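Given as structure tokens, the chain that follows is alone and in the form predicted alone.
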């Protein structure tokens, strides 16, 4: 029995087959505000005025900073975003309906955030091939909302192994037990997809599929954000509610149920 609407069924089937969905942001004003805030924070770190064109500034930041300063810049921007009171709600609004269709309407959101700043030809910020649930603290019930702040394509983006292929390769993992992940990447490389995500679009993907990035061989810098979401009542791994996740959309019946206590003081 399935009471989903036709559009929800189509979206769900695509997500199960591919492991990800790319679509235009549901709140362009919120995304532009986030991009502008990040550009302003980065400019402040560099002792510059807020840029008139955030996209150009972020794309070409390699003209103003070297690899040695990159982690300090990244920490400065993350700290500034975490102190921005509207940021988390704005981030969620970029894909609220998509998340509710794929995950549910009672959600928890990662308390922190991930920020990737990958300068051209920088090999110090790589995320090798992996699945987040391979022996880690992550739950397979999570999704990642991945938002680029500039156009992302080819090696300036991330690669994923589509879910239909990921299932096949997972059964062959034992063949690479002594060879390392680079050997596994070379084997699956012909089948991975480099996500083409123009600014103004978002990606939701399941971190169960293999994914990662390589050296950015393009001429401009990659800027992307990622934050995890999951259903509040789905199983947790070691990343727990209250520590790693916080609730953002618990419904009233759930609140009543969680607080309800059976009356006492009488016998059956």
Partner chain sequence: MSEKFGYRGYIGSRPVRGTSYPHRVQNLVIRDYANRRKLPYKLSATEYAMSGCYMMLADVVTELPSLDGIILFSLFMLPQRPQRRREIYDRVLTEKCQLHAALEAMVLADKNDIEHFEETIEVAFTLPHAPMRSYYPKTGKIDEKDSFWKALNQTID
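Values in this document were obtained by computation on a predicted structure and should not be read as measured data. Numbering follows the first chain given and starts at 1.
One more form of this protein should be noted, the form predicted in complex with its partner chain, which is absent from this view; the next part is about it.
Peer 1: In the model of the complex, which of the stretches 198-206, 220-228, 236-244, 58-66 has residues with heavy atoms within 4.5 Å of its partner chain?
Peer 2: Careful reading of the contacts points to 236-244.
Peer 1: With a cut-off of 4.5 Å between heavy atoms, is residue 137 one of the residues that contacts its partner chain in the model of the complex?
Peer 2: Residue-level check for residue 137: yes, a contact with its partner chain.
Peer 1: Heavy atoms within 4.5 Å of its partner chain in the model of the complex: does residue 141 have any?
Peer 2: Yes, residue 141 lies within 4.5 Å of its partner chain in the model of the complex.
Peer 1: Considering non-hydrogen atoms and a 4.5 Å limit, does its partner chain approach residue 96 in the model of the complex?
Peer 2: So residue 96 does not count as contacting its partner chain.
Peer 1: Would residue 38 count as a contact of its partner chain in the model of the complex, using a 4.5 angstroms cut-off between non-hydrogen atoms?
Peer 2: No.
Peer 1: Exactly one of 133, 119, 115, 73 has a non-hydrogen atom within 4.5 Å of its partner chain in the model of the complex; which residue is it?
Peer 2: If I apply the 4.5 Å criterion carefully, the residue I get is 133.
Peer 1: Let me know the one among 89, 154, 167, 179 whose heavy atoms come within 4.5 Å of its partner chain in the model of the complex, would you?
Peer 2: It is 167.
Peer 1: In the model of the complex, which residues of 248-263 put a heavy atom within 4.5 Å of its partner chain?
Peer 2: Contacting residues: 250, 255, 258, 259.
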